[in-house]
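Below, in structure tokens: the form predicted alone, a single chain.
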């Protein structure tokens, strides 16, 4: 096993902290890339992640389908995450958890912090695989009370699958992306019955499987409808919505799940010397996934627009790893 407790990690690596490749993010993209690098003969590969356990978002998605392309079987998210982690560990990848990268320096120098204190990691190449995150209520500029029962999909899944908590029983689900379908599946598994699914546009963002899902789960879908106010001091009791005609009404509920509208988790890039696309907030890369500093690469949902499912991120991680191998072997043409 190559999970490194933070104390051992800091003590060992600060003595000899030069790595061939350091990967930031232990989700499907990062783990796939790390495994591919080791299989290609890259000796010193480490994955850094601020979470306590590796596996990324699938770790708390307790529903299928995961793993069809990667492992030729249908798996739940936690099983899929364990399989990814096991593959990485078996390949000899070092996984440093509870380790937060605080800044990106020139030529692959990373500042880090763990429970043991501050440190530095140096790598010949760095892969940014930090993914994307859902837009919270605050950014969506939805007014109203701040009662209990308001969350995004990731928080909902974490509460249910990791902490065995039921945050509500009859929520409203906002959005019609793939992740919105995941929210419906999570609700169904927990015995939660959403009272409505809302979409501001005149059609669902992802027509399949949303239209089938709302029918199967018995959740009314309201298109051209948006929340203008959330009501409830201590706990959500209703939402006030407006439809495409401007008509307003209240929907009684005890929670609101905001899904989708992903933005790249690019805070490290924004604070660094790397070039950033100001419109998309994604790092600028060439055709190989290489950033403006050639020591850095980026892959997965940090770059994807729109975001992609775990299997596609896994594929992107493998492909980018192959380019890094060629780069380390000085096979890439200069661009």
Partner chain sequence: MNAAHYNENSRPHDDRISTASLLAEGDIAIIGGGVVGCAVARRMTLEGASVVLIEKAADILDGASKGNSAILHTGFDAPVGTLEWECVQKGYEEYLEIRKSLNLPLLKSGALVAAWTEEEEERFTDIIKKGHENGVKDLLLLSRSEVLDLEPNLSENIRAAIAVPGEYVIDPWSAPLAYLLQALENGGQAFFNAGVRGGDFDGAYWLLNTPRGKVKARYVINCAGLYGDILDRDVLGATEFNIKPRKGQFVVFDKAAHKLVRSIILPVPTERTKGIVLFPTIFGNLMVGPTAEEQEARGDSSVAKEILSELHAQAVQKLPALTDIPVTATYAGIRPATERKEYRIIEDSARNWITLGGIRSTGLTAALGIARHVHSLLSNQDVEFKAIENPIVPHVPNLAEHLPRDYETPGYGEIICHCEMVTRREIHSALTAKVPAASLAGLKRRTRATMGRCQGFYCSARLAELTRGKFDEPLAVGEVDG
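Every value quoted in this text rests on a predicted model; they were computed, and no experiment measured them. Residue numbers count along the first chain shown, from 1.
This next part talks about the form predicted in complex with its partner chain, which is not shown.
> Which single stretch, out of 155-163, 119-127, 85-93, 212-220, brings residue heavy atoms within 4.5 Å of its partner chain in the predicted bound form?
Going by heavy atoms within 4.5 Å, the stretch is 155-163.
> Within 4.5 Å of its partner chain in the predicted bound form, heavy atoms considered, which of 100, 242, 193, 107?
Checking each option against its partner chain in the predicted bound form, the one that comes within 4.5 Å is 100.
> If the cut-off is 4.5 angstroms on heavy atoms, which of these, 169, 237, 248, 73, is the one near its partner chain in the predicted bound form?
Exactly one residue meets the criterion: 169.
> With the distance limit set at 4.5 angstroms and only heavy atoms considered, check whether 51, 113 and 142 all reach its partner chain in the predicted bound form.
Looking in the predicted bound form, the three residues 51, 113 and 142 all sit within 4.5 Å of its partner chain (heavy atoms).
> Should residue 267 be counted as a contact of its partner chain in the predicted bound form, where contact means heavy atoms within 4.5 Å?
Although its partner chain is absent here, residue 267 would touch it in the predicted bound form, with heavy atoms inside 4.5 Å.
> Answer with yes or no whether residue 199 is in contact with its partner chain in the predicted bound form, where contact means some heavy atom within 4.5 Å.
Heavy-atom contact with its partner chain at 4.5 Å: absent for residue 199.
> Is residue 177 close enough to touch its partner chain in the predicted bound form, meaning at least one heavy atom pair within 4.5 Å?
Although its partner chain is absent here, residue 177 would stay clear of it in the predicted bound form, with no heavy atoms inside 4.5 Å.
> Using 4.5 Å between non-hydrogen atoms, is residue 278 touching its partner chain in the predicted bound form?
Yes.
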